[in-house]
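A single chain comes next, written as C-alpha cells; it is the form predicted alone.
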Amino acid sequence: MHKGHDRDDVIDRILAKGADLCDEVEVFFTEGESVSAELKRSIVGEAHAARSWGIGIRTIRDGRIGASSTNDPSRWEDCLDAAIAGGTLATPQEWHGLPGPVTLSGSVPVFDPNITVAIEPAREMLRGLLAGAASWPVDVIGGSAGLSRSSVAIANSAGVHYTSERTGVGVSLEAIAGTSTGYEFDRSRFLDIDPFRVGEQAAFFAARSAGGGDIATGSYDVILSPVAVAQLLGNVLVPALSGRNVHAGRSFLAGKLGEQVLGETISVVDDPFARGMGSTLFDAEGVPTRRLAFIEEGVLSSYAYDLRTAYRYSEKTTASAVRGGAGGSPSIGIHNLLIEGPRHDIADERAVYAHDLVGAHTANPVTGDFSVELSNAFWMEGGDYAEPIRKAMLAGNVFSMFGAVDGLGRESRVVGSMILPPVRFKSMQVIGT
C-alpha cells in the first residue's frame, strides 16, 4: 500500500491514539485504482490510470464533533489532530454514541471479478461507443469510458470494522446532427453494460430530434424517461425526505407522516440490497442497512436520518448516511431509490415523451414547483417514437405529478443512486407555441 502502510494497521493506529484524546473516533478509509479513456470527437484519445487513497476521520468529545480528511495515509496523525482541533470549535449536541459491531449477513451485488482495470478494455469500450454511433448520420462530440476497483472500510472505537470491495464500469457519448444533440450513458458495478447500445442511443436522439415540429400549449399525457424522472426526484423528493430538512422546515413533507402525499398506487423505497450503484450492507457510519419504505401506496411512512440528525431530534437512524468520498463528514442520502407500482406498456397510447430535462436543478425543493425545458422530446405512440418536438416546456409540481401517475414502464434502469422505470403522467401542462 501507500508508503509501506497497511490499511488495517493505519486504522488501528488512528483508533488507538484517538481513544486517548477524545471520547470516540471513527475512520473511513478508501483505496482504489481506475482507468479512464476519452473520445476527442471520433478519435480515441488519451487514456489515464490512477491510484487513490483517502482517509476521513471523525472525533467526538463532550458532544462536539470534529472531522478532517487526507489523501495521504502517512499523514494520518495530522488528520487526527485536525479533526480534534475542529471539534473544539463545534457546538455541542446531543450524542448517544457510535454504533457497535454486529454480524452482517448476506451479500450485495457490488463486485465483479471479471473487471480488469486496464487501458485496453477502456479503449475497447470507446470503440464500441463509436460503432453504435455509426448507426445514425451524426457527428460524435465526445465520449468517455472508465473502469475501477475500490475498497471501502469503516471502523470506530466501539468495535465496528466493516469492509467492502467494489467495482465500477461507466461509458457515455454525446452526438450532434445539425443543431440537435443527443447524450446517453450507462454505469454499473458489473460488465453488463453495452457500449454499442449507448452510442447508438445517443446518436438516435441527436438524429431523430432534428427538424422537430411545434406543439401547442395545452394539457397532455407525458412520459418521462428514467433519466428525466431521476432529475426531478433528485432535486425535490430526495431533499424533502431528509430528516434534517424536515426538522428545519425546508421540506414539503414536514409534519405529514401518515398522510397521503403521492398517488395511492405509488411506493418509494430505498433498497440497499438491489443491484444498483449504492448497494451496501452498512451505511457511511457503520450502521447495518435495511430496506426502507419512505412512501407506501402513497402514504408517507418515514424520513431519512443519519446518527447526528437522529440524536439531535430524538429519532432513530435509518442507516441513511452516505459519503461522496473520504472528504468531509457523512450526510443524509439514499442508497438505491426505487419507485414501485403497477407496471404496463405505458407508451401504447399517444403521449409527449422527454428523454432529458433542462433546468431541473431550479425546482423548488420546499414546494415541489418546477418549470423545465424538454430535451430530446417526441410524440410517442404504439410503443415507438413518432414525430420529434422542437421546443416545449413542462411546468407543475412534483408531488402533484406523482399523484397523477398513469403507470410505470416495465423496464427499469440505474441512474446514479436510483433504479427507475419511465413514468407516464396524466394531464400535464406543456407550454409550446
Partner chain sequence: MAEPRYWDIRHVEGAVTHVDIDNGVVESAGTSFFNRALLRVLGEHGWGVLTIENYASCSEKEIRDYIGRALQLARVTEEDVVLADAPSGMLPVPPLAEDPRDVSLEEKCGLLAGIEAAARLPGIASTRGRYTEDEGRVHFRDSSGNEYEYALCRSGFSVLAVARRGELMQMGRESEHTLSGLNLRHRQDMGRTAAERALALLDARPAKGGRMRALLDPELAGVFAHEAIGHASEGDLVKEGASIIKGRIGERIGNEILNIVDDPTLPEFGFEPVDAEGVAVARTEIIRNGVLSSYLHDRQTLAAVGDGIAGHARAVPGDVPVVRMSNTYIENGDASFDELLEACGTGILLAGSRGGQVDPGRGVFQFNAEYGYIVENGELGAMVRDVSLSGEILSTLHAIVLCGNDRKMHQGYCGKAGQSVPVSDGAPHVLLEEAVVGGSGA
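Nothing here was measured: the structure is a model prediction, and the numbers come from that model. Positions refer to the first chain, counted from 1.
What comes next is about the form predicted in complex with the partner chain, which does not appear here.
For a residue to qualify, one of its non-hydrogen atoms must sit within 4.5 Å of the partner chain in the model of the complex; all three of Asn71, Ala363 and Ser375 qualify. In short, of 283-291, 266-274, 220-228, 87-95 it is 87-95 that has heavy atoms within 4.5 Å of the partner chain in the model of the complex.
A heavy atom within 4.5 Å of the partner chain in the model of the complex is found for exactly one of Ala207, Val152, Ile115, Ala82: Ala82. Interface residue among Arg166, Arg323, Lys256, Arg187 relative to the partner chain in the model of the complex, by the heavy atom within 4.5 Å criterion: Lys256.
When the partner chain is considered in the model of the complex, His344 lies well away from it, no heavy atom lying within 4.5 Å. For Ser251, a non-hydrogen atom is located within 4.5 Å of the partner chain in the model of the complex, even though that partner is not displayed. Though the partner is left out of this view, Tyr385 does not reach within 4.5 Å of the partner chain in the model of the complex, counting heavy atoms only.
When the partner chain is considered in the model of the complex, Ile119 lines it closely, a heavy atom lying within 4.5 Å. Along 197-227, a non-hydrogen atom within 4.5 Å of the partner chain in the model of the complex is carried by no residue at all.
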